[in-house]
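Encoded as structure tokens, the following chain is the form predicted alone, with no partner shown.
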């Protein structure tokens, strides 16, 4: 079993120093609580609602920035997946997530499906999402809107991910009373049809008039929500995601018929 913790935060827009302290403190608290994997929100180091690329560039960092060393120190033996505003070697800006452990930055994923005004600030990533071999098992990474593309979660499942860590910033949308946010419903379905856990770490508060859902949820490999809320934490068994058998005669991967899925 591994302990997965999501730390739902309210980063300060454009305040890198404050967000460094906020994220490191949150990681340390989660690690002290026994977390093996800690997930932070999308763009946790910078805030989200940028007025221009220039504003985002002022708080963009590279994977070599010292803040990731601070994350590693705060995490101890845990693995951290958190969102940041990345300045690429090509000078472009990316909405990215870093996978960090005691050895430093293990992988960086650049969001490939940009939402709304993100397209005015960021360049979409052009590489598939990674599955990183960690002390907590194989961890895949997606960012927010990526989860709405079944091809992405299926790609990670086929690549061996037992857990998908997803930093998200979900804008609040209307939903019927008593219903979970639609993004959580999507994560539940994706977890169930791929037989893998998904941890979505949302943010809270309001930024430049945008209210956030604060819908953090950890979903088990059976598709049911194990924990939700600002300090959500749950124990998951990575071995449950190793087998894709769903009945004595059915296997989620063995029953696939890819030759019929091509347009």
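Numbering follows the first chain given and starts at 1. What you are looking at is a predicted structure, and each value in this text was computed from that prediction instead of being measured.
FYI, the form predicted in complex with a further copy of the same chain isn't displayed, but the following is about it.
Trainee: Of 91-99, 71-79, 115-123, 131-139, which is the one stretch near a further copy of the same chain in the predicted complex, taking non-hydrogen atoms within 4.5 angstroms as near?
Mentor: Every other range fails; the passing one is 115-123.
Trainee: Is the gap between residue 193 and a further copy of the same chain in the predicted complex 4.5 Å or less for some heavy atom pair?
Mentor: Looking in the predicted complex, residue contacts with a further copy of the same chain include residue 193, since a heavy atom lies within 4.5 Å.
Trainee: With heavy atoms only and a cut-off of 4.5 Å, decide whether residue 243 touches a further copy of the same chain in the predicted complex.
Mentor: Taking the distances in the predicted complex, the answer for residue 243 is no, it never comes within 4.5 Å of a further copy of the same chain.
Trainee: Residue-level contact is defined here as any heavy atom of the residue lying within 4.5 Å of a further copy of the same chain in the predicted complex; does residue 170 satisfy this criterion?
Mentor: No - in the predicted complex, heavy atoms of residue 170 and a further copy of the same chain never come within 4.5 Å of each other.
Trainee: Using a 4.5 angstroms cut-off on non-hydrogen atoms, would residue 13 count as touching a further copy of the same chain in the predicted complex?
Mentor: Judged by the heavy-atom cut-off of 4.5 Å, residue 13 is well away from a further copy of the same chain in the predicted complex.
Trainee: So which bits of 229-263 sit within 4.5 Å of a further copy of the same chain in the predicted complex, heavy atoms only?
Mentor: The stretch 229-263, when checked against a further copy of the same chain in the predicted complex, contributes 246, 247, 248, 249, 250, 251, 252, 255, 256, 257, 258, 260, 261, 262, 263 at the 4.5 Å heavy-atom cut-off.
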